[in-house]
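One chain is shown next in structure tokens, namely the form predicted on its own.
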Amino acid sequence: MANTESLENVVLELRRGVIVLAALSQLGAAEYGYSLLKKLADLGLEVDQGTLYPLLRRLEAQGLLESDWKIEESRPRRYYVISTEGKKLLPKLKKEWTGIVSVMDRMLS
């Protein structure tokens, strides 16, 4: 039981660092929270709502995302899209990620 919980906690920590890059990379076009969750899941990255929504608000507060409320169906939805600052940051994060993956590949092989 304790080993399962420890593994889950470590995996959760690994995923947290990736979710920022994943979210920014998928918000070239506006998405609302649930559609982004589904898009990430379809690409193989399961993210909990309790993790994604606070992250979106934090990235917006940091100026990396912009949001806008839209009423297209019966209820309003907040759509997020990467901001100009986010677009400037994304290639740098991708480069950093590539470097991390390269180092870890060497360490783990």
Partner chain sequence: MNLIDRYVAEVGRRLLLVKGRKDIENELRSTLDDMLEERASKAGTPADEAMQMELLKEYGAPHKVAQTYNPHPYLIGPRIYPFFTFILKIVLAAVAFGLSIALVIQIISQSPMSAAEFLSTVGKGILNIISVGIAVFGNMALVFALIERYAPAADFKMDEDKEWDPAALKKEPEPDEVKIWEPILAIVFTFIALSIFNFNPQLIGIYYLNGDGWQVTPLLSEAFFRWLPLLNVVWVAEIVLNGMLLRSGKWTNGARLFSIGIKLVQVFIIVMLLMGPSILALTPESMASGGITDPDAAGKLNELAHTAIKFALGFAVLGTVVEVIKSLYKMVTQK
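Please read all numbers here as calculations on a predicted model, not as lab measurements. Residue numbers count along the first chain shown, from 1.
There is another form of the same protein, the form predicted in complex with the partner chain; it is not shown, and what comes next is about it.
- The shortest heavy atom separation between Glu73 and the partner chain in the predicted complex is within 4.5 Å.
- Among heavy atoms of Gly44, none comes within 4.5 Å of the partner chain in the predicted complex.
- A residue is said to contact a partner when one of its heavy atoms sits within 4.5 Å of a partner heavy atom; Gln49 meets this definition for the partner chain in the predicted complex.
- In the predicted complex, the partner chain sits within 4.5 Å of a heavy atom belonging to Lys38.
- Contact residues in stretch 26 to 41 (any heavy atom within 4.5 Å of the partner chain, taken in the predicted complex) are Tyr32, Tyr34, Lys38.
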